[in-house]
Structures are given as structure tokens and as C-alpha cells.
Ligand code: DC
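There is one chain below, alone, in C-alpha cells, taken in the form predicted on its own.
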């Protein structure tokens, strides 16, 4: 990744990753990649095509075959799924899909290729600074109190959010964790623009 400016933003659901990543990318004139949307796209496709969520081989084959476009919204094989990947059903399925090692291998390669093709970018997810881009110029880990994260993701519910936290943090492959060398920000009581300015100050 030499020569590419990569800003890696990790954290659990509701920590503010997407909002902060979008604003940081705009300030730097870079593109933003929401890697969580990629895993959601695979989960959506699995549900649509009745691929069992406990069949790792079938899920890996599905991930490898899908065309996922995140330029304007999210498209899977030409179908706009921007709203469809945010349903409760996909919320429940995505952590299971993301725990499959072969699915992660496929999508991580796509994420790295995305950055090379664009000469850098702001990339958000759960394993960006630890696995995908461990040599990123800036690594940030956002967090917030469980109550605040549940409030921000009210449509998902506190119990569902806690379940996803457990699954994401306990999976054997690329678990959600604070990357080595990452700047940690608790966004519970910090305005978004203040978080963005702090991130920009590290670049």
C-alpha cells in the first residue's frame, strides 16, 4: 500500500463510523468505502437465494460470484439493494456471514484492490486497521456507550445490537478489536464535527 493515503476507521455499530468516515473523506477529497455494506450485500444475497447461513462453502462461493457496486448506494448484480441491506433480517444475518473465513478473504482482497485502484481512501469497518490495512497512515477506533449506540440505531434495538457485538468480537477470524496503534475516540458526548477535526489533525 506504499504511496496510498489510507484512513482506517473501525468500531462497533452505532459508534459513528459512517458519519465520520463520510466527512473525513469529503475533507480530504478521497473516496469512502463502507466494508460493512459489502458483508451486508452478501448476507442479503444469501437470504434472497436461500443459501443456508451455516453452509460456509456455499456462502464463500456466493461471495466470490457476486458483483458488488458501492459507487452510488449499493448494488448487487445490478440490483439496487441500498435499503434492502438495512432490514432486520439482514441485521440478524450479517455477523454470521462475516464470520466465514473464506467470505472475509474474498472481500478483503476486493477492499485492498479498491484502494489501489483509487490511490487511497477512507475505509470503515471492523477489521480495517487490524487486518485489511494494518499499515494505514491513520488508524481510528470509534466507540460509544451501549445506551448511546442503541439510541443511534433505534431501529435495530439494544438486544440485537448486543448480539452483533458478541458475534463480531468473538469470531475466530478478524474479530472486532482495537487495532494496534489506533487512536481511540469515545463519541458518546462528542459532536461529529469535533471527532472529524480530531481525525484530520492526525493526518
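Positions refer to the first chain, counted from 1. Quick caveat: nothing in here was measured; it's all calculated off a predicted structure.
Not on display, but discussed next: the form predicted together with this ligand.
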| property | result |
| --- | --- |
| Per-stretch contact check against this ligand in the predicted bound form, the hit in 29 to 37, 65 to 73, 135 to 143, 50 to 58 (non-hydrogen atom, 4.5 angstroms) | 29 to 37 |
| This ligand contact at residue 152 in the predicted bound form, heavy atom, 4.5 Å | no |
| Partner contact for residue 103 in the predicted bound form: this ligand, 4.5 angstroms, heavy atom | no |
| Contact test in the predicted bound form: residue 115 vs this ligand, heavy atoms, 4.5 Å | no |
| Partner proximity in the predicted bound form: residue 148 to this ligand, non-hydrogen atom cutoff 4.5 Å | no |
| Sequence-ordered list of residues in 124 to 161 near this ligand in the predicted bound form, where near means a heavy atom within 4.5 Å | 125, 126, 127, 128, 153 |
